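The chain that follows stands alone, in the form predicted on its own, written as structure tokens.
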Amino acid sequence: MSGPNTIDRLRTWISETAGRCIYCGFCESVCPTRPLGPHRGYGPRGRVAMARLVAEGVTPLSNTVVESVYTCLLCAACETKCPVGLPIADIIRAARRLYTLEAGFSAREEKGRVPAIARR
């Protein structure tokens, strides 16, 4: 799955799905990576917000965005606390795929080249 239609579909899905987040912060308490990051973008709420902002074209793809999204363990612990039932791990997976496509990498090329995604 690649090409402009895929990118548009990913952008739309991320924007609509992440747009349901009420930014309550309940997800933050169970995230194993939140305390390890240098800013709020390393918690579920921040990752969802960044994914949405990039998908909507408000924020450019950058190393900070890529590092934030790729430090998520996809454990979905945050989903157990979400009062609106947001599929946070799926949002992160979709964001990763979007960033890979926008950087011009295939899914296979993505492995081992994550930091280069933002530089392309």
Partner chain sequence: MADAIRKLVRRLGPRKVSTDQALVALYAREPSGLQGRAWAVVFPESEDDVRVIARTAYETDTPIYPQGSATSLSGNAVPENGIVVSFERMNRILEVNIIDGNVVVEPGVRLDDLNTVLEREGYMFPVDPASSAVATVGGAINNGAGGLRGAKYGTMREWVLGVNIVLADSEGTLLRLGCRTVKCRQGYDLTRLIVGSEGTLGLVTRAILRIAPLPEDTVYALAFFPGLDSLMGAFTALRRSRINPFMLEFMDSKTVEYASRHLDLPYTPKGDMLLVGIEVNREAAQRVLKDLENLLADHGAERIITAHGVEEARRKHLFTVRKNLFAGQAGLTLDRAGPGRRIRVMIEDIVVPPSRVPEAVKRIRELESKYGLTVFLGGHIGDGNLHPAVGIVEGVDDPQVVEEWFKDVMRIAVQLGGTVSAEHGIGLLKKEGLRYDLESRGSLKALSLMAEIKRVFDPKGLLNPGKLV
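Positions refer to the first chain, counted from 1. This is a predicted model, so every value here is computed, not measured.
The form predicted together with its partner chain exists for this protein as well; it is not shown, and the discussion that follows is about that form.
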item	value
4.5 Å heavy atom contact, M50 to its partner chain in the model of the complex	yes
Its partner chain contact at V65 in the model of the complex, heavy atom, 4.5 Å	yes
Its partner chain contact in the model of the complex: R11, any heavy atom under 4.5 Å	no
is_contact(G57, its partner chain) in the model of the complex, heavy atom dist at most 4.5 Å	no
